[in-house]
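Taking the form predicted on its own, here's one chain by itself in C-alpha cells.
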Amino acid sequence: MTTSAQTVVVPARARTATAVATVRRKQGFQHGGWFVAPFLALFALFVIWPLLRGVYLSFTDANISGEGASFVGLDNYREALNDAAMWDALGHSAYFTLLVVPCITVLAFLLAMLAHNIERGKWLWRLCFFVPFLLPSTVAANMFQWLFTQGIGLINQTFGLDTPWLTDKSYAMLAIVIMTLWWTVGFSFLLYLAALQGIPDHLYEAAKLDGANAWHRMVHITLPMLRNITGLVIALQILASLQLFDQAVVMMDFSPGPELSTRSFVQYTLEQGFTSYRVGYASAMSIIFFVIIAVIALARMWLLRNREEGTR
C-alpha cells in the first residue's frame, strides 16, 4: 500500500514541478521581451530594412532620386562582375588587407607583451598604446596627411627624405597602411593584453622550474594560449580592412589617389551611387561585397569549429 502511494505521489510532484518551470519560463520570456523589444526595433529599422531595401534596389535601375525605377533583373550584377574598375578597387582593398592584417597582429602582440611584462609605468604604456584608437578617423587621417606632405611633412624632414608619399602611387597605399597601424593597433593590443592577463601564472612558474627560458615560455605557453584570441584578431582585422574608406579618402583629399591607386571597393561603390547617381548598380555592388564579407566570416567560423572538434 505504501509503495503504490509513493509511486503515485512522485510522478504528481514531477508533473507539478515541470508545469511550474514552464510557467516561469513563459513569464520570464514575456517580461524579458519588453527589454529586448527596443533593440529589436532599432535593429530591424537600421539593419534589416536597409539590407532588404538594398537587395530590392539591386534588381532595378534606380537613380538617386528614387523615382522612375524599373526592374532590370540581374543586369546590374552582370555589369558589376564584368566591371574592370570594380575588380581593381576590390584588389586595392585586398592589397591593403594583406599589408595591414599581419603587421597589426604582430605589432599588437608585441606591444601587449611589453605592457604586460614591464614593471614600471604600466598604466602609462597601456594608455599610450590605446589612446590613438579613440581618435576619430578624420582626425587621425588629417594628422598623417600633414606628416606625409612632401616638403613640409614632419616625416620627410625628420629623416631627411623627399618621398612623395601622397602623390606617388608607389607610396600612397603604404602611407595609408602606416596611418592605419598607428590608429587601430590599440584595439587588438587591448584584446591581447586581456588574454595575457588570463594565462595562469603557475604555467610559467612550472616552466621556469623545468629550465625553460623566456623564448621557450613564449613559444610553448604564451602563443598556444593566445591561439583563439589571435584568430579573433585576424578575423576582425580582415573584415575591418576590407571596408577601407575613411582614412584613404581623407588622406587623399577626397580623391581616389594617384592613378586611382588607393580607390577602395567601398569608395568606388559610393562613387557609383552618389556621383554617378546609379543607386541600383551601387546596391548590386554592395550586395556582392556583403556576400564576400559573409563568406569570409562563415569560413572563419567553420575553421574554428573544426579546430575545436579536432582538439577534443
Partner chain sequence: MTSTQIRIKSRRPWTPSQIVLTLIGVAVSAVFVTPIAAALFTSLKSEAEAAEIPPHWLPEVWTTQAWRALWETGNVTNWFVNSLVVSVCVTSVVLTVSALAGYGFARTEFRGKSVLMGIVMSGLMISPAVLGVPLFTTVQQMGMVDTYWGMILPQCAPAAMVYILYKFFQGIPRELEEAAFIDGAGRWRVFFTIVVPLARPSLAAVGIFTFIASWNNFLWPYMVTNNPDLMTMPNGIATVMNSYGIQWAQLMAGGLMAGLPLIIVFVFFQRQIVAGVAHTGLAGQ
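Numbering follows the first chain given and starts at 1. Because the structure is predicted, anything quoted here is derived from the model rather than measured.
Omitted from view is the form predicted together with the partner chain, to which the following refers.
- Only one segment in the set 209-217, 95-103, 78-86, 180-188 has any non-hydrogen atom within 4.5 angstroms of the partner chain in the predicted complex, and it is 180-188.
- The shortest heavy atom separation between A294 and the partner chain in the predicted complex is within 4.5 Å.
- With a 4.5 Å cutoff on heavy atoms, L260 does not count as touching the partner chain in the predicted complex; it lies far away.
- Taking the partner from elsewhere, D246 is found to have a heavy atom lying within 4.5 Å of the partner chain in the predicted complex.
- Interface residue remark: F109 is not counted as part of the site for the partner chain in the predicted complex, having no heavy atom within 4.5 Å.
- Contacts to the partner chain in the predicted complex (heavy atom within 4.5 Å) from stretch 211-235: N228, I229, L232.
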